[in-house]
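Only one chain is given next, in structure tokens, and it is the form predicted alone.
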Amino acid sequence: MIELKNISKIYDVNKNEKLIALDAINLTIQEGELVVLKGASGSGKSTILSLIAALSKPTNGEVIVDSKKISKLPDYFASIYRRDNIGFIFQKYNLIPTLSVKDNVLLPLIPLNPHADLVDEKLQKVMQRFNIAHKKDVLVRNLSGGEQQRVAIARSYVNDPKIIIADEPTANLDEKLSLHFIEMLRELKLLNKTIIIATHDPLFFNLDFVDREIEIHNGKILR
């Protein structure tokens, strides 16, 4: 489903210095796989996620998703690709605290301008699945950390994306909330989504429902 072919990503730090974030890597991810990218901060994990999400373009190589080359898409078409294919789970949730749970979950649907009946159907389904239906009218700022976490996961799923991306999703969580997130992740896996997680949190290592762990070091894939 996802293929990175001979991908390099090089940043110009200044006139005389370049930073090699990814160094000629090759990676294939199958549909329905849950893959953990592990490695220290700055190893290149987040760069891989940004390329798969078409948030950045490679310096060299190609990113192919569903047999379509997405690595050179103009910004407008890249945004359509993300809207239709990618669900994001952010490190700090990125919820809007002054909006209700319902309105936060519905944000990814706004560009689609769907019919009201479809909105209600999607909303009810996702909020029940992630156990936040009883909080739908509560402002996000009044929720506990665990509840905000469920809202963020529901938002990533509401548009039924093919791919869900999570970048260091437990970096700001205590162990209890991290373990709760992992259980939510297990549920997403059962929905046959392709899930890619970048993390250095050892709680993600050796989980029975993770298909592969891929170690990144200095922009290279070790295994």
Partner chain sequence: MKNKINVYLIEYAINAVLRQKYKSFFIVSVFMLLTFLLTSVFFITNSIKHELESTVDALPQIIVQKIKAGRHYDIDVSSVDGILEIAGVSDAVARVWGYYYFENAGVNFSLVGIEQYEKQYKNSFESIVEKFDLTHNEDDSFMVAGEGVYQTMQQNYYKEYFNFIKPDGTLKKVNLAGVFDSDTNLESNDMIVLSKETLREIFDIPESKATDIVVRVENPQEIQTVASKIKLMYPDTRIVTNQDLKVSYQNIFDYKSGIFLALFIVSLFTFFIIIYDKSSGLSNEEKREIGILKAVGWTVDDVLKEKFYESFIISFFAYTLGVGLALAYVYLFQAPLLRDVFVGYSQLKTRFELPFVFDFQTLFLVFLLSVPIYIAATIIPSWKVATLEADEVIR
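Since this is a predicted model, take the numbers as computed values, not measurements. If you superpose the two forms and keep the largest set of C-alpha atoms that fall within 1.5 Å, you have the rigid core. Residue numbers count along the first chain shown, from 1.
A second form of this protein, the form predicted together with its partner chain, is not displayed here; the remarks below concern that form.
- The stretch in contact with its partner chain in the predicted complex, judged by heavy atoms within 4.5 Å, is 55-63, chosen from 27-35, 182-190, 168-176, 55-63.
- Shown here without its partner, the chain carries S79, L107 and P111, all of which come within 4.5 Å of its partner chain in the predicted complex through at least one heavy atom.
- Shown alone here, D75 lies within 4.5 Å of its partner chain in the predicted complex, counting heavy atoms only.
- Contact check for T47: a heavy atom falls within 4.5 Å of its partner chain in the predicted complex.
- Taking the partner from elsewhere, E147 is found to have every heavy atom lying beyond 4.5 Å of its partner chain in the predicted complex.
- Heavy atoms of H134 never reach within 4.5 Å of its partner chain in the predicted complex, leaving it off the interface.
- In this stretch, 117-143, the one residue having a heavy atom within 4.5 Å of its partner chain in the predicted complex is V119; the partner itself is omitted from this view.
- In the core-superposed comparison between this form and the one not shown, K136 has its Cα shifted by at least 2 Å.
- When the rigid core is held fixed, the Cα atom of I80 travels less than 2 angstroms between this form and the one not shown.
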